[in-house]
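Here's a solo chain for you in structure tokens, the form predicted on its own.
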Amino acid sequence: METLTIDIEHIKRFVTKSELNKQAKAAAEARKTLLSGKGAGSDFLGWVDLPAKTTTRITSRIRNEVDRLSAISEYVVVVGIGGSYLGARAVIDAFQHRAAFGQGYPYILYAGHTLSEDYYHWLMEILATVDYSVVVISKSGTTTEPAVAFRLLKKNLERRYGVHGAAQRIVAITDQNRGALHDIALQKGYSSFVIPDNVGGRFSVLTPVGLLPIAMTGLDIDSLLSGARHMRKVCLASDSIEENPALLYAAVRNALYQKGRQVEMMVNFAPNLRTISEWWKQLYGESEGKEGKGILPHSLSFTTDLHSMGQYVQQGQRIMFETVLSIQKPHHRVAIPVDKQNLDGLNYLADKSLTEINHCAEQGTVLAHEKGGVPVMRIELPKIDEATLGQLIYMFEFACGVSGYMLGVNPFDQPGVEAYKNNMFALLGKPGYSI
């Protein structure tokens, strides 16, 4: 299996060798803390060994559920918010070019990630004309956004198919022993899967939380897990930044943070990686943004955003650095045709592939931004397939735990998330809450 690599050539003039070596030592120590299980938040380290502990019994059961729902559903609505849906959506969106809808798999829609009334009106209009099922994902079952969405969808299913028929079209992914969704699933007889107690939401994409929706599109979850297992071996085998890409990533970003680079922009040159950046933003923003600390995770899609944010990146405040997700091999070739009149002046590109042009755009952008004072790190992905995405997911997760410990925070809690909820509950009149 080809392993993803990290190119740091374009950060070297911003970080000295001794500065990087200092952060490399800190990363090695943080890795030791992580693997010892003695750091803050160690109750939530189940993701570390998850790829190795996911059995064929679990994946076989997931595939059986996919076959069952696919036979009765044109659409499947995945209900969740944050880590309960972002990881799955990131992987699914990365394979737009392999859309399986119409090939025996249902089309995936999403709910529970917004409170927009117009969105739900539109969603219910779509669902009124098709047969559909629901995968609802929530550890507690009481998080407002998915709970509201699930109530709407459950009632709609029960009206259309009856209580028993609706129960056959709902799968719950929730806590094993407690919580509102666990109790509803038990009472109604829903098929259900477990969110492990020791895996937090933003680290849960390799549990049934992510695996079931991903498999629902026909993607190969065995290959996804295989890529994650491969990266896990790499991360557990070495504490050297030369051999461990997760430690190199953590060391570089913290070295740049120490020099005042407070914003990291995750950049892609392929629109199907946009949602990977959204998942990454939650992973790092929720893990590191506390106690007045943390790099602000931001994302850009090039070349599109070069025509909007490119000016700021090139000449704005020097508070940022870029991490580029670089795809080495495409799945298809599209060449530029010759035009005899050449009125657009593009014959110099004739017979070149769009990937060749895109790679030149990437290289030119990296050089321009580096010259303009923006450090650029590149994560080179051999290609976009399930195994590569599994590697990338695990690498980011491992690096996140390491980076959080380097920063001196608990990377596995999110105490600030509750602030808006308390105010919202008070404004809505929920008993026991006040502003």
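So that there is no doubt, residue numbering starts at 1 and follows the sequence shown. As the structure is a prediction and not an experimental result, all values here were calculated from the model.
This next part talks about the form predicted in complex with 5-phosphoarabinonic acid, which is not shown.
Which of 217-225, 75-83, 88-96, 151-159 sits within 4.5 Å of 5-phosphoarabinonic acid in the predicted bound form, heavy atom basis: Contact-bearing stretch, as computed: 75-83.
Any non-hydrogen atom of residue 169 within 4.5 angstroms of 5-phosphoarabinonic acid in the predicted bound form: Flag for residue 169 set to no.
Residue contact check: residue 106 to 5-phosphoarabinonic acid in the predicted bound form, 4.5 Å heavy atom: Because no heavy atom of residue 106 falls inside 4.5 Å of 5-phosphoarabinonic acid in the predicted bound form, the answer is no.
Exercise: residue 268 in contact with 5-phosphoarabinonic acid in the predicted bound form, heavy atom 4.5 Å: Because no heavy atom of residue 268 falls inside 4.5 Å of 5-phosphoarabinonic acid in the predicted bound form, the answer is no.
4.5 Å heavy atom contact, residue 176 and 5-phosphoarabinonic acid in the predicted bound form: Answer no; every heavy atom of residue 176 is more than 4.5 Å from 5-phosphoarabinonic acid in the predicted bound form.
198, 314, 140, 191 - the one with a heavy atom within 4.5 Å of 5-phosphoarabinonic acid in the predicted bound form: Selected residue: 140.
Sequence-ordered list of residues in 400-422 near 5-phosphoarabinonic acid in the predicted bound form, where near means a heavy atom within 4.5 Å: The stretch 400-422, when checked against 5-phosphoarabinonic acid in the predicted bound form, contributes only 414 at the 4.5 Å heavy-atom cut-off.
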